[in-house]
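Coming up is one lone chain in structure tokens, specifically the form predicted on its own.
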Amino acid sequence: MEQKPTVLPKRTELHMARSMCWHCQSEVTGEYFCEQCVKVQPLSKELDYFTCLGLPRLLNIDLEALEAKFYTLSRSFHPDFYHNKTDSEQAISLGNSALLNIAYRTLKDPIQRAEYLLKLEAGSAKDIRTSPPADLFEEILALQEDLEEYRQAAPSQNQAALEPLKAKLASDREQLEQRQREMELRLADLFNAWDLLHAQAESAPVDDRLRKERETILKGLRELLSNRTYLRNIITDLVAVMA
């Protein structure tokens, strides 16, 4: 039977910003409210979004579970429930709600979720670049030239004379959208591969093969997310120019 190594690093799940209650100085053991004085406690700014919403670091997540957890915590932290509380409690509820809302919006969207996980695991979200995919470089340059020609000609030129260029741009758009769909299918494959590695994390120590596989998946995610971002921007520009 194939061994199931641990491929993802263990991490400390720091839920709260303090180890002692800000109000009564009692020990806080990871609960959102002090057991002694029942005051709301601030979430740590270092808390990752997956932990914040009680989810493992997976790329395919249960959206119903995500939403249920979000609404449960929202009821605990919503500022409307703290308008008669102290200034400190109001400030904590605002901070916790802001963190919760950002976490929910990020994890709900699959692309933002992947970019965020990449940042957590590889520190490389900043490397999501906006340069053309290598295999489309020449096509993109030609498309940009056609777009510039259309921009300059559209306000003044006879529309009938622009039809061939419009038809070419429409064809280019279809090809780019098809390429984007292909990228999203490849992203889905990488999502599944990452989650499979995560599922193996309880059985055995890391080995070189699995460490390399993990890095390969993260590199693939970074490349695909970069290329998808660039294509999306080009398609948006193309649609705007032809509108």
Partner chain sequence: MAYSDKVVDHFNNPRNMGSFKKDEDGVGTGIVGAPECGDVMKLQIKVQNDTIVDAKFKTFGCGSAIASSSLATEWLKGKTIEEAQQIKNTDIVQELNLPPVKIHCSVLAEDAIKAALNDYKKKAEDNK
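Positions refer to the first chain, counted from 1. Since the structure is predicted, the reported quantities are computational estimates derived from the model, not experimental observations. What we label the rigid core is the largest C-alpha set whose atoms superpose within 1.5 Å from one form to the other.
Beyond the structure shown, there is the form predicted in complex with its partner chain, which is absent from this document and is the topic of what follows.
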Practice task
Just one of 85-93, 164-172, 69-77, 135-143 has residues with a heavy atom within 4.5 Å of its partner chain in the model of the complex, so point it out.
Solution key: 135-143
Exercise for the section: Check, residue by residue, if Tyr104, Thr106 and Gln112 all come within 4.5 Å of its partner chain in the model of the complex, counting heavy atoms only. Expected result: no
Exercise for the section: Using a 4.5 Å heavy atom cut-off, state whether Tyr230 contacts its partner chain in the model of the complex. Expected result: yes
Exercise for the section: May I ask you to check whether Gln25 falls inside a 4.5 Å heavy atom distance of its partner chain in the model of the complex? Expected result: no
Practice task
Note yes or no: does the Cα of Gln90 move by 2 Å or more between the shown form and the other one after the core is superposed?
Solution key: no
Handout entry: Core superposition between the shown form and the other one, C-alpha change of Arg232 at least 2 Å
Key = yes
